[in-house]
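This document starts with one chain, in the form predicted on its own, laid out as structure tokens.
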Amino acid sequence: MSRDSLKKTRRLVVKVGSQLTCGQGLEVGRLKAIAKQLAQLRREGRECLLVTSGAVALGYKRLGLAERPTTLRLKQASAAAGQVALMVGWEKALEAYGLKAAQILLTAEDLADRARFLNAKNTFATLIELGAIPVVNENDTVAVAELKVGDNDTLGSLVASLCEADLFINLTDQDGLFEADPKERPEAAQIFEIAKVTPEILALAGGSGPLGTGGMFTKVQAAGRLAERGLPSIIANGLTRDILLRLLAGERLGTYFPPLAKRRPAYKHWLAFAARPKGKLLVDAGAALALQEKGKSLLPGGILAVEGLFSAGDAVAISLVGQEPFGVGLVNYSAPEVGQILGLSSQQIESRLGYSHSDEIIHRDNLVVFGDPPKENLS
């Protein structure tokens, strides 16, 4: 999929980073510049959604704190104070060009729970149908550390998938990804297109900036995840004049990530990146091979141990002993039940438990293996 095909984009999600929204307080001029472009895109018949950062960065200054807070309670207080100013800023900027803003605050739990995820999807669809611009941020005022999405690059990619967008544009204060840190090596060349996000590509990305919680690493990581989903994305400089209009005209700006040829269906993308595992299953090498290479379901015979407390239908991680998880899936049995039948054949489940919900602990249709090219057809 070439850049030229972006001219056909019907629905796009634009994420605006903290460095753009509140570099020196609320950057009203920058918000209006983006709003003006969104208005033009709307006149062209395109549907637009915004994901915005900046609530904490704005809020701590409004509360009189000397520096960005590090404790959870002060971050939440700052988010509460800053979100008001941030949303009013976007509302005024959009209103100046005849657009209606609609605030949506999400937590990781909203995205991890399948029913709430689908409800959010319906809300987005209704707002778009009514002609509003959804303005999305993480609900930092209530999200505790273990329930946070963590950064708005990830949030933006999840919103793009949830809304079935045609394109995700991640605006920052940098031109894109470079072969080296341009601040340290001014001669470093920009990378204009990345066919696939590999560990080597991720290694080129640095840490987070002074105002944000992400950084180039999370931006590239989010782009890689969307490519697996089959969605193109661009990391570009939001300070560049008419950046959105120029990108959708096919101009060679920013770093472009085309979609992979083999796509991960929407449901499995949710399972891989939005569902929150409530436990872990440790498997033997034979089971890992069957899952990773042969696309099989997880049977009780390949399970060595159970970690955590989960119920049937919950998401759980899958790993070899002493290694990072290589997959995630929805279990057909609770943790106590799996503990009783691990190592057995599927035919022995009923004799051990007195009943059998399924021959599989995790069916392949409810299983995602990381880093493995998806084999499913889009349907």
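Everything numeric in this text was worked out from a predicted model, so none of it was measured. Sequential numbering from 1, following the sequence displayed.
Another form, the form predicted together with glutamic acid, is not on view; read the next lines as being about it.
Using a 4.5 angstroms heavy atom cutoff to glutamic acid in the predicted complex, none of Ser157, Glu164 and Glu228 count as contacting.
Exactly one listed residue, out of Asp151, Glu91, Asp175, Asp110, brings a non-hydrogen atom to within 4.5 Å of glutamic acid in the predicted complex: Asp151. Proximity to glutamic acid in the predicted complex, taken as heavy atoms within 4.5 Å, picks out 134-142 from the listed stretches 121-129, 94-102, 134-142, 276-284. Residue contact with glutamic acid in the predicted complex: Gly329 places no heavy atom within 4.5 Å of it.
In the predicted complex, Ser18 is the single residue of 1-34 with at least one heavy atom within 4.5 Å of glutamic acid.
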